Each structure stands twice: as structure tokens, then as C-alpha cells.
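Presented below, as C-alpha cells, is a lone chain in the form predicted alone.
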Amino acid sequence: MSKIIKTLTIAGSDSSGGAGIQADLKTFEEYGTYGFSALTTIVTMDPDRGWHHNVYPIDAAIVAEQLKTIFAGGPVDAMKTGMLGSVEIVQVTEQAIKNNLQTNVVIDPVMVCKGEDEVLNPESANAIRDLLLPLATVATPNLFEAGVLSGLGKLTTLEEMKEAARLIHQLGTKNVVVKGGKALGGDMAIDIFFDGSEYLVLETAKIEPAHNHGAGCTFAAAITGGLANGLSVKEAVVKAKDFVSAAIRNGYAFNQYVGPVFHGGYRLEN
């Protein structure tokens, strides 16, 4: 039997299956890796209240126990974070990365739920910036998160995305992917990769209908899977862009509120 490639997600649960820990584990499987998970939050969506999100953090001590279990087998080949929920959980995550000398760390600085536009926990966002970005191989903020982390506020142009990536890189992460996706105007879904010296613009034609719930989590998880399989950071990001585009193309309308990506889309098309 060939070597088992191990991946880890520290993230919240999305019971609709498109995003969060569910998206990560399904993506890890598509990359041929064995996925571990440490659950940090449970998110529910209420169809009787316009799909209102309720967020329930897990106690940080329980998160620490999960990570102790996972790292009992040593470091994984690559890991990512998603919604962390509290400053204490961010601190637990930081210590797990440091204590286990974990490399290939993807920090997806989740600050809002899909459809929301306010930071869920500003203190947690600051902790991610100060404690986790300096440990990151890649940080993968979306447009809103990149505006918060860079201090630039709302980003509306490609040049503003590039400047945000540069400023986030200065916070300590080795590489930055600003996930613009369909949020910018025009016909293209645009993301920016910055390695500290060069920018790479990743663009594909926007997909309609855009069943893109979970696209951001899936993009970050795909980068993680690529790194675990030995790809360079740039190679992992480029493949992840193709992977998430296929997932969107093969997504579906779950109900009137949300249309998740299909994480097996890349496999179906290749």
C-alpha cells in the first residue's frame, strides 16, 4: 500500500454540506488524502427566518482535545483552518501548529457566514491576524476578509486586491490568495495570488447560475490537498482554481436560499 497522505481541517460545521468542515473533508477525499477534522463551531440556517445563521462555538478545551487526538500520529502533510469561533480557539490552534512543528499551513480567515457582511467576532479576527497569519504557508481571505485584514475596507478593483495582498503578506504569511471570485464587476471571476514578489491573476469566466456556496472553503481545502500531494504553492493554487471552478459548474440549487458547489465536479470533468 502506498503512503497515506494526511490532511487536517480545523473548522466549523455547515449542516447544508456545501461549506465548512464538510466541504473540506469532501475536497480532501477528492485529492486522495486521509482527512482529519477538529470541529470548532456548529452553524445552523433557519429556513423560517430567511436562512438566518446561528453560530455555536465549541469550548476551546474540547477543540484542544480533538487536536491532541489528531496529532497523536504526528504532523499531517498539510492542514487548513476555517471558522474558529473564539480567541481561545485561535490560541489553541496556534499552539497545536507550533508544538507539532506543523508545515504546509493554509489559513482561511473566516470572519462571516455566507450572506452576512459583519465580522462575527472582531477579537477572533484580530487573533487570526496576529497569531496565525505569521504561521501560514498560504492565507486565503475572500474580498471582505482581505479588506479587513489589510485595513483597506471594501475592495472593488483588481489593483485594490493586489494592494490588499501586499499588505497581508507584510503581516507574516508567506503567500496570499485574495479570493475575489464573482464579487468584482465584469464577466470574469478573479482571484489574486501573491508570493511576496510577483502577482498571478487567476481568472475564469463567471458561471451562471452561480451555485457557489462553499466555494471559498473548497478553494482553501483544495490548496491544502495540493500541498499535501507535494505541489508547490503556486501549482497548488492554480489547480485549486480549476478544482473550485468545476465544483461551481456542477453545483445545484439546494433551496431558494442557497446553491452549494459539488465537490466532485473536477473528477467528473477529468
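These numbers were taken from a predicted model, which means no experiment stands behind them. Heads up: residue numbers just count along the shown sequence, starting at 1.
The same protein also exists as the form predicted together with a small molecule; that form is not shown, yet it is the one meant from here on.
Trainee: Under a 4.5 Å heavy atom criterion, is Gly12 part of the interface with the small molecule in the model of the complex?
Mentor: It does: once the small molecule is placed as it appears in the model of the complex, Gly12 has a heavy atom within 4.5 Å of it.
Trainee: Would Cys217 show up as a contact with the small molecule in the model of the complex if we use heavy atoms at 4.5 Å?
Mentor: Yes, contact at 4.5 Å.
Trainee: Even though the small molecule is not shown here, does Lys241 get within 4.5 Å of it in the model of the complex, heavy atoms only?
Mentor: Result no; Lys241 lies far from the small molecule in the model of the complex.
Trainee: Can Ala146 be called a contact residue for the small molecule in the model of the complex at 4.5 Å between heavy atoms?
Mentor: Judged by the heavy-atom cut-off of 4.5 Å, Ala146 is well away from the small molecule in the model of the complex.
Trainee: Are all three of Val43, Val110 and His213 close to the small molecule in the model of the complex, meaning a heavy atom of each within 4.5 Å?
Mentor: Checked in the model of the complex: all three residues contact the small molecule.
Trainee: Taking the small molecule in the model of the complex as the reference, which of Met83, Val106, Val90, Ala164 has a non-hydrogen atom within 4.5 Å?
Mentor: By the 4.5 Å heavy-atom cutoff, the listed residue in contact is Met83.
Trainee: The chain here is shown without the small molecule. Which stretch in 27 to 35, 228 to 236, 203 to 211, 45 to 53 comes within 4.5 angstroms of it in the model of the complex, by heavy atom distance?
Mentor: After filtering at 4.5 Å, what remains is 45 to 53.
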